[in-house]
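Just one chain follows, in the form predicted on its own, and it is written as structure tokens.
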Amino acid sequence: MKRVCLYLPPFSGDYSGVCSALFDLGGMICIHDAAGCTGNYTHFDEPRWYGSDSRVFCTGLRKLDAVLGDDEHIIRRIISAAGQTNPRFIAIVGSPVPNVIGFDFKGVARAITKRTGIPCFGFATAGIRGSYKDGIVMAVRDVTEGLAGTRATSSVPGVVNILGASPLDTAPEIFDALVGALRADGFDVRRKTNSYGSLDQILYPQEAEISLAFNQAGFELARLFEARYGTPYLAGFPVGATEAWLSSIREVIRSGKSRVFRTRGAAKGARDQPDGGEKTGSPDGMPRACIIGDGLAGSAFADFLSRRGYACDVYTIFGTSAGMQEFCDGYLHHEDAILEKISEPYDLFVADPLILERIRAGRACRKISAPVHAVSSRAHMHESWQMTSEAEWDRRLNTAAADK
């Protein structure tokens, strides 16, 4: 019953993460579910599908197919659609129903590859375990393993791969600002115009001098790419401190040693201690801030707030992974845990507006809205703002103080 949501919507699931990660890559995404349900994933979970030329296909799972296990009917439909669109690859993405009744996603993918010659990948996603983060990781990992070729034997100077970025948690204005700063500094970002990625990142991962991670999915992938291709990474992004961030990128390239980006303000929060130090809690007299959302993005916000005198705690709501303790204090793994955390005596909360709405009315605390599409979807998507801007954070801090 812990997974039952009474006040908050279910967050975007793993199938949404797969669709989001593969959106820009020229493949055909086949969502294996009942006819009509694909609109839920494409309209509410991934904000770019409508009005785009990316290909999404619903297999139209029928009750009889489910009962009889008629995989051949599904295979023929996918092959027919692929013949009309000529995709670079095919991805079959799961939904709850085929996972309940049993469906061999990888086996069907192999059969389609054999018949068509088009690389096909099966993802046994279900939307009931894991989050969109897990879907992004499995999509990039599997498609890279399946498609990666060799064009260079070593990294190419100046090439940067941004891993795991998605509009589900990184708004376009944030992503564009970071990419703009990289390009202005002379880096070659593998990215199509108005997109979050490109097929070159998948085909030639070994060419990158460095991997950059802006979210938890990117952090997991960066660790994976480091182990597989020897590519060092920098995890995190700046709020205001762009020059320090760019300098850290150059240092990681020079040294070949991965790191998490922090500027470490003078005011140390509960988690912002020197590397290897113990958490000592909030120093006496310092206001306390609680940041809820993606753990890596929350770490960037905490980095800024510590420079403004806050002791910060960062909690993720999108799952755990190895190494997460480097930038995050814990995982709020169900609605009750979130509601319990926002009842604690913090002076400032930074979270999605739907979470902030659950804070008791009349309580004397500051709130800064940080919309996350994976949480509130279209309800608050037009309220996103430039979270890399120090001036905008200061303005919102002042407004939050006035509204207290």
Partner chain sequence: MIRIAIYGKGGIGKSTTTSNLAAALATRFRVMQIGCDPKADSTRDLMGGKRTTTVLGAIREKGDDVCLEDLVSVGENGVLCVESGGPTPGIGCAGLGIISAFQKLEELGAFDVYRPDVVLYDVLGDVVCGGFAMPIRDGYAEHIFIVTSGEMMSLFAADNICRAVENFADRGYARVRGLILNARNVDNERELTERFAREHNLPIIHMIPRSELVQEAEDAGRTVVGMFPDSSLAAAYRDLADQMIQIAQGGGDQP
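Residue numbers count along the first chain shown, from 1. Please read these numbers as outputs of a predicted model, since none were measured by experiment.
Absent from the display: the form predicted together with the partner chain. The rest refers to it.
Partner absent here, but in the predicted complex, which of 255 to 263, 170 to 178, 304 to 312, 68 to 76 has residues with a heavy atom within 4.5 Å of the partner chain?
Stretch 68 to 76 is the one.
Only one of Met286, Leu332, Ile249, Ala111 has a non-hydrogen atom within 4.5 angstroms of the partner chain in the predicted complex; which is it?
Exactly one residue meets the criterion: Ala111.
Let me know the one among Phe327, Trp245, Phe103, Tyr233 whose heavy atoms come within 4.5 Å of the partner chain in the predicted complex, would you?
That would be Phe103.
Any of the heavy atoms of Ser155 lying within 4.5 Å of the partner chain in the predicted complex?
No, no contact at 4.5 Å.
Counting only non-hydrogen atoms and a 4.5 angstroms cut-off, does Asn99 reach the partner chain in the predicted complex?
Result yes; Asn99 sits at the interface with the partner chain in the predicted complex.
Check Gly107 for me: does it contact the partner chain in the predicted complex (non-hydrogen atoms, 4.5 angstroms)?
Yes, Gly107 is a contact residue.
With a cut-off of 4.5 Å between heavy atoms, is Arg183 one of the residues that contacts the partner chain in the predicted complex?
Contact with the partner chain, no.
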